[in-house]
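Below you'll find only one chain, the form predicted alone, shown as structure tokens.
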């Protein structure tokens, strides 16, 4: 049965999954880029941004797992871009240029309707205004029997955790402190019930923790 999976979600030692004050200059919030330095040292992480070289090993292997068997993605509006409120006449098409990294359908949660945006390489952004369950249902249908990947931000992951809809969550704990921003495990009404740790692996750079739904 297809699953909803979260992969390579980086958090700081004090639990933040993004820094404060997201903007065009700071897509991950102020200081948020530090959470992802481990990824851009890997071979696949560098390849994603058009670079060469990079490290093999544990971190590269975990990065690779995030793309295996994925047929669609769900993300929050904050992950799609820094625009808030009505879309207005904005021509924003995401952070990823003309050929985004997804190469499959992407479903963006929003309160404001927007026509689908078709990009190069097979990525089409669909905008969902009727809730997380609808977005997931549409994503599973589009994935054609493959799994669906859940992107950020933290509040989006929290919504799906509270609803018990995430089957697997991979968190990357990075050796940095942000002090403020958006914490991943806040607002969970006491914590994610029905999950257990199934994997805990450390590299020289970060620790990888995977929890899986047990019921």
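Numbering follows the first chain given and starts at 1. Not measured: the values here are computed from a predicted model.
Not pictured, yet referred to below: the form predicted in complex with a further copy of the same chain.
Listed stretches are 177-185, 23-31, 142-150, 47-55; the contact stretch with a further copy of the same chain in the predicted bound form is 177-185, by a heavy atom cutoff of 4.5 Å.
In the predicted bound form, no residue of the candidate spot (2, 99 and 106) has a heavy atom lying within 4.5 Å of a further copy of the same chain.
Although the partner is absent here, residue 6 is not a contact residue: none of its heavy atoms lies within 4.5 angstroms of a further copy of the same chain in the predicted bound form. a further copy of the same chain in the predicted bound form is approached by residue 173, whose closest heavy atom lies within 4.5 angstroms of it.
Contact residues in stretch 114-132 (any heavy atom within 4.5 Å of a further copy of the same chain, taken in the predicted bound form) are absent; none meets the cut-off.
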